[in-house]
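Encoded as structure tokens, the following chain is the form predicted alone, with no partner shown.
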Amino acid sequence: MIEIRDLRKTFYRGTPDEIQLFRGFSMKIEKGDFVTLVGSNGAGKSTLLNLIAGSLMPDSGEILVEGRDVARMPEHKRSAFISRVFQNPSLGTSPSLTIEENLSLALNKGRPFGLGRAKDRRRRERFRERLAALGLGLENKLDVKVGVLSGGQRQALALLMATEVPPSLLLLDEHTAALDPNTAGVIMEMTRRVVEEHRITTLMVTHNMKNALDYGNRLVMLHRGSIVVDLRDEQKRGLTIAQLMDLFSRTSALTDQMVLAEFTQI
């Protein structure tokens, strides 16, 4: 489904602050995988999502989505088959438009825009049904502007919009980090339900180790732009946070030694 080959990305090239984050990074994601991506600050988690989505361009390497290399494709073209939900709830919705208008835009994703009815009875009922499943009372607020909603309501709407037309790949960039614990729990359960319902291949960045263990069928941990832990299914199930952190400490130390040896040779 997704294959990343020999990805390289350097920041501040030619300056004293030069950082070579990805040095030949490779990764495969199978169709239907729900991958939780964790790691310390600066490990490359959000940068990886930016490279996949097209917000950043790699120095070299390939990013294959269903066999098509999108590494040089503009971000707006990738958005036809890659959806993303950000940490900031305001980034995934238009605050000046109503809930119905936001969902209408999402439903039209990948299609040409033209003159036509802004509101449709059947479409309105579809929106009501999907919103009612959230349990947030939004099905009765279709004509309310999104800017007056709470952060949790907006994030729920953003997730709904990102999957209104099921994408080939869903990117979740710490999409519950800005929410209170109760609301974050609601959004995570909604995430599980939506991903399973549509069998969407998903890559979720999170700093919450419990969420990383509880959700998805695969856990990948990055350190200095390298994969240091990669666990699937049975390996992941039953693992405690303490065991995961111990595993990270041991594997990241080996990565640090390898990076140091590389710079020593240079």
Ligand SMILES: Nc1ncnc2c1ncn2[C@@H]1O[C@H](COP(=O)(O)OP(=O)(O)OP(=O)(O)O)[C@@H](O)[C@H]1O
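This is a predicted model, so every value here is computed, not measured. Numbers for residues come from their place in the sequence shown, where the first is 1.
Another form, the form predicted in complex with this ligand, is not on view; read the next lines as being about it.
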property	result
Contact residue in the model of the complex, chosen from V70, I29, A43, L219 - any heavy atom within 4.5 Å of this ligand	A43
Listed residue that, although this ligand is not shown, lies within 4.5 Å of it in the model of the complex (heavy atoms), from T201, N211, T47, S226	T47
M245, heavy atom within 4.5 angstroms of this ligand in the model of the complex	no
Contact test in the model of the complex: R232 vs this ligand, heavy atoms, 4.5 Å	no
In the model of the complex, M57 touching this ligand (heavy atom, 4.5 Å)	no
Touches this ligand in the model of the complex: E164 (any heavy atom, 4.5 Å)	no
Stretch in contact in the model of the complex with this ligand, which is absent here, among 211-219, 34-42, 234-242, 61-69 (heavy atoms within 4.5 Å)	34-42
Partner contacts in the model of the complex for 8-26 (non-hydrogen atom within 4.5 angstroms of this ligand)	F11, Y12, I19, L21
